[in-house]
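First, one chain by itself in structure tokens, the form predicted alone.
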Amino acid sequence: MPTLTPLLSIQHTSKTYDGTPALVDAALDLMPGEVHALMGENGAGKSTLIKILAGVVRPDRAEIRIDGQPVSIHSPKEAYDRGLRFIHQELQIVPQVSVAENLALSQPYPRWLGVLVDWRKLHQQANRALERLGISHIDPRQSMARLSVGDRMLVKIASAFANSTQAASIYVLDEPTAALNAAESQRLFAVIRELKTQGCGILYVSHRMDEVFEICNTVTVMRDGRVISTQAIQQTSRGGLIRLMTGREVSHAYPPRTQPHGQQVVLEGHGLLNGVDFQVRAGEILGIAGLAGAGQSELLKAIMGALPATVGTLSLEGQPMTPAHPADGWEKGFAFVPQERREQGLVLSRSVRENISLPHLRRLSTSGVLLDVGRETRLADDLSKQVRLKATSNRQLTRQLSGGNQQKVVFARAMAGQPRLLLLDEPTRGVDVGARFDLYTLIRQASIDGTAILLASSDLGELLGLCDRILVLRRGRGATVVKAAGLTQHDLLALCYG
């Protein structure tokens, strides 16, 4: 039998940043009709490899072939013209313009007589792209700024599959389901399967094991900038992949509770949003579940003071309270890990040290005026070790870190001073399995130390594995509160749907 020519071949690829190797002789072949998983811990080199393919980063050395022909990719336009399409984990959208305009960002707009934009045709094109993913609830004329995070990701995914003047044969998807619920993910998988039948190749980056084993044919594992292994998905296992990615055993998916939580009610809410009632006790982890848009993020933001709590009441250890601003929450001993770390949680142009200390500057200052840089540095050093942060130093700019390590910076800030209340909104979104276990360990330790925790997540296994009780929301209302013990993912999803 003749040997198939790889659709995409990457060989001898290396890249160094400031003397630190990000890629070392990396190699990968993507065959026609193949979904090829690319896995590894955050910082393993996956993003650098993708950026080289996208023409965003210039390698020190690389041999790239498409359909057997050697190519050089020096810009995103060259990547696009050669048939590559990219969906990046961090959303790259223009929130001020419409869905249809975002879908057409990389393409010329249809025009009347070559001059005026044909808006009717643009909206029709947008509808066709959305329909390919089975999306009917998003209006192409709607502003992107008004969409939920999940819907924004659906639009971004649809843009890669939109009809265009340039044929596409290679799709690179970087954590495409990180902001999607189960039904939305299945729509995407159906499109991926269709692309396979058309002979396209899909390079699929994900930290979600279930997805990889469901839709991928082959898996390549990277660690410390090197390709460790490439094998058929049937020839490996979850445990095997974890060992290859981390170089260590992870014995439990979720650290178990080793002692009962306290009985003192730390925070109590009545009538929040459209009627949410709850209590969370010292050391208890109360999960928040619901379908996309059920109000999980809004509830946490209202508690923190990031959204005005126009209805309902809150009591902190029996005393009425109404945070008017997130600074009030931090002053009361609350800590918040938001869903969107880059937009809501970090100042990317500032150092790791500055991001960790940001809400704690008053207590790190002399008389509340002059910042004690020595204390700030010691705090950042101690917390970086606690969260197992991978950075060259605490002076490194946060934007230079991998997504998982950026999340660890947000966690380090939250853990400073043992908070009374920890609010977690999708805390492990886009985080690899090794870093995810590190974060779960931090959450469990905070619980043991007596911190009350509210954890909102679309990962049902995460809620069942970590939480003591789960508050189920439907359309901004508190539908029910259930004990997590003995509950299955099917049971929990049924409660979310009602």
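Don't overthink the numbering: it's just position in the shown sequence, from 1. All of these numbers come straight from a predicted model, not from anything done at the bench.
Although it is not shown, the form predicted together with a small molecule is what the next lines describe.
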Which one, Gln418, Ser393, Gln124, Gln400, lies within 4.5 Å of the small molecule in the model of the complex by heavy atoms? Gln400
Can Ile10 be called a contact residue for the small molecule in the model of the complex at 4.5 Å between heavy atoms? no
Are any of the heavy atoms in Thr451 no more than 4.5 Å from a heavy atom of the small molecule in the model of the complex? no
Hey, in the model of the complex, does Ala456 get a heavy atom within 4.5 angstroms of the small molecule? no
Please check if Glu426 has a heavy atom lying within 4.5 Å of any heavy atom of the small molecule in the model of the complex. no
Select, from the options 193-201, 353-361, 287-295, 403-411, the stretch whose residues sit within 4.5 angstroms of the small molecule in the model of the complex by heavy atom distance. 403-411
